[in-house]
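Quick setup: one chain, the form predicted on its own, written in structure tokens, and binding and motion questions come after.
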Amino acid sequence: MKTLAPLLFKAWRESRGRFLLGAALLAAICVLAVFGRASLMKVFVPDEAFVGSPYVGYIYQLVYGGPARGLFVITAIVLALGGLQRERLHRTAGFTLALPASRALLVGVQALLGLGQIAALSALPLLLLTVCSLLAHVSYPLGQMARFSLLWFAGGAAFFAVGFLAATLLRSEYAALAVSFVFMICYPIAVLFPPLNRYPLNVHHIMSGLAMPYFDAHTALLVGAPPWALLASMLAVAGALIVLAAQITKYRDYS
């Protein structure tokens, strides 16, 4: 425990700029979505686009199924960058490796903080939309926001783990970022073709509910029980990628 707190603080110092920037941009979209709805609804929700509440459909289009979700995914990938590869470039890896902590612990702390940041970002729309909607005298179902937060966390963890592994494998953090972005763009295309298209493998769709059995596109609402098995599988894959990154770190030369 004496080692864990300083390592968490160190990891926070390294990632706080990226986290706060992502949180600020995500917050700006949520706040603007509510208080700028008079103009934005004409763009994001054409007349009779949804059977249910136009405001619910609008928030889905702009936040949970639109730009805010895309920003969240990008932030999750960016948060995965750094670690010993970045320190090697700045010639500080030797100092970090000399600390009384194993390499597995160093990787674990970075991953733990990153997943905590993703959890906070996935819950941010819930908090802001609840408060702003009350102030603006409009309503979006709290249960829907909570369930979308869960979907976002699982999807964000998966994208974070991909970026985390890329940042471990590649010496350049820019190369790791490029590879992660290529994966984010090409992976959904790849799962459109057989035999992959038989399975719910598109993380973007899982997060937004698009074309999924637990989402009603006519009302823009999640229906039925959350896809617990699917979410557990995503988190298990994310955990496996992080463990693989830790194993690679164990034997890598950072001199």
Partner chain sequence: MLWYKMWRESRVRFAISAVALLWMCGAVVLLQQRVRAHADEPLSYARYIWSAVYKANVLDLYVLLVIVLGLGGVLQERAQGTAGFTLSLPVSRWRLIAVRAATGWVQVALLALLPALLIPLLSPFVGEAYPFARALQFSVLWAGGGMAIFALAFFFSAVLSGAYSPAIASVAGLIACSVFAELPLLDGHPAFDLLGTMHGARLSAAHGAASLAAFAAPLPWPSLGLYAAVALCLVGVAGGITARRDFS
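Residue numbers count along the first chain shown, from 1. Between two forms, the rigid core is defined as the largest C-alpha subset superposing within 1.5 Å. Nothing here was measured: the structure is a model prediction, and the numbers come from that model.
Heads up, the form predicted in complex with the partner chain isn't pictured, but that's what we're talking about next.
Interface membership of L196, defined by any non-hydrogen atom within 4.5 Å of the partner chain in the model of the complex, is ruled out. Heavy atoms of A136 never reach within 4.5 Å of the partner chain in the model of the complex, leaving it off the interface. Although the partner is absent here, G108 sits far enough away that none of its heavy atoms falls within 4.5 Å of the partner chain in the model of the complex.
Taking non-hydrogen atoms only, V56 never approaches the partner chain to within 4.5 angstroms in the model of the complex. Site residues I74, Y174 and V182 are all in contact with the partner chain in the model of the complex, judged by any heavy atom within 4.5 Å. Of the residues M212, L201, I29, L230, just one reaches the partner chain in the model of the complex with a heavy atom at 4.5 Å or closer; this is I29.
Contact annotation: of the candidates V43, V223, A217, V51, the single residue with a non-hydrogen atom within 4.5 angstroms of the partner chain in the model of the complex is V43. Interface residues of 4-40, taken as those with a heavy atom within 4.5 Å of the partner chain in the model of the complex (partner not displayed): G17, R18, L21, G22, L25, I29, S39, L40, in sequence order.
For F193, a C-alpha deviation of 2 angstroms or more is recorded between the shown form and the other one after rigid-core alignment.
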